[in-house]
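Okay, here we've got a single chain as structure tokens, the form predicted alone, with questions on binding and movement later.
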């Protein structure tokens, strides 16, 4: 992607007019190097092994004191060092609900807005084919979600920045009082409102081209993967029917064998092979769900990318508003200093109706404006620095995410293709076996 240059906001403190053009500027420093290598070595995933080993259906009371059924997940952690030294100490373990995983991720989104935060697995099944249950308490769905939650924790623990967060570490190690600890951070107060984000999207005047393109890419990625998952669900439906109908071959061959003496054994054996073939589709489609879940992860990653883009739009919009406010104050200061009005204003009409202000009043107003201008310039300078740091950090993490995405999706698609090839070979073998049965009749 292009990285267009942008001028910093702000100008020297004076009553003279001057224009400040919003812009964050790109990060010139590329990710990687010794620092990145050191950070990867410090990742939590290098120090502890994390598993979500078990899911358990429970019943309890919610915040409204109403009875509810939910699933709890057992998180186990074990120090990597103890394993390398040959010690086999029991893992530390605790239980977490899905809602606690959601709380953790919301905390990470607010406190690390420049990070492409890993997504959680779906709360309710999507893109299911007709034989799969959409019930979120279905054992097969709960098992897939268990795997997805484990993957989420490993993703966070492998991230060079968010893996070092104390709240995340407490999530893995401290069962009691964790929610209170998260809420005490006050992260909810720092969360940007959706209305404010939407307002910034439509009103920002000078968006960064790279983030605009990234936002468009995330929309397209989500659309493409959604279509792919729908196609896969339709194929699974048809494939299930094709395989199961082969069971009819088995039934017919078995019935036919009963009336044949010389051909009976061959027909019976061929029917058995057809039955095995018909029954194999259940395991095949169960394995396919694993690859579908890998695609779904990146379907949800698209929203994580958009969250970074929205934060940048908000920061850029705040910069532009601050620049406009500063320009307005400088204009007011100049008008008071020169006694000329550049634009129509209510104050100008008031002066004409009730007389001009005294020199002392003008001096007092100019002094107040100069103080406000000085404060505005300092705020603008601070916002520029903050915005540049955000762009630099965000783009570093986006580049990291791109490498991860390209690797993961490539591996998933190759594995899916290999599975399809294996499935076709099994089909060929079944008919080869049936041919041999027919040959022996």
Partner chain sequence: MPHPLAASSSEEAASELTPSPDLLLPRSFADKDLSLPNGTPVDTSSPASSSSLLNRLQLDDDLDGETRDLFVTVDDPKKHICTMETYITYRVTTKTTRAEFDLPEYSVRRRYQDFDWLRNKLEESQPTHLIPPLPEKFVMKGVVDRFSEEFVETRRKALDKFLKRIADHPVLSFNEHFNVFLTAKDLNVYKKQGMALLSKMGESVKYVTGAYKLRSRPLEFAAIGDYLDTFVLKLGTIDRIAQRIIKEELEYLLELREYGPVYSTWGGLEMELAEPLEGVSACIGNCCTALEELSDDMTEDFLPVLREYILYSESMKNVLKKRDQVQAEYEAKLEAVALKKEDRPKVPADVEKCQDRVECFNADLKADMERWQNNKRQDFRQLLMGMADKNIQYYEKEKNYKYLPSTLLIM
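Residue numbers count along the first chain shown, from 1. The structure displayed is predicted, hence computed values, not measured ones.
This next part talks about the form predicted together with the partner chain, which is not shown.
query = Heavy atom within 4.5 Å of the partner chain in the model of the complex: which of 181, 224, 337, 154?
reply = Exactly one listed residue reaches within 4.5 Å, namely 224.
request  = Answer with one of 246, 114, 144, 310: the residue that has a non-hydrogen atom within 4.5 Å of the partner chain in the model of the complex.
outcome  = If I apply the 4.5 Å criterion carefully, the residue I get is 246.
message = Quick check for you: of 411 to 419, 378 to 386, 391 to 399, 50 to 58, which stretch puts a non-hydrogen atom within 4.5 Å of the partner chain in the model of the complex?
response = The contacting stretch here is 411 to 419.
key: the partner chain contact in the model of the complex: residue 137, any heavy atom under 4.5 Å   = Residue-level check for residue 137: no, no contact with the partner chain.
query = With a 4.5 Å heavy atom cut-off, would you call residue 65 a contact of the partner chain in the model of the complex?
reply = Taking the distances in the model of the complex, the answer for residue 65 is no, it never comes within 4.5 Å of the partner chain.
inquiry  = Given that the partner chain is not shown alongside this chain, does residue 210 nevertheless sit within 4.5 Å of it in the model of the complex, heavy atom to heavy atom?
reply    = No, residue 210 stays farther than 4.5 Å from the partner chain in the model of the complex.
query = residue 95 near the partner chain in the model of the complex, any heavy atom under 4.5 Å?
reply = Outside the cut-off, so no.
request  = Check each residue of 295 to 314 against the partner chain in the model of the complex and list those with a heavy atom within 4.5 Å, in sequence order.
outcome  = Residue within 4.5 Å: 295, and no other.
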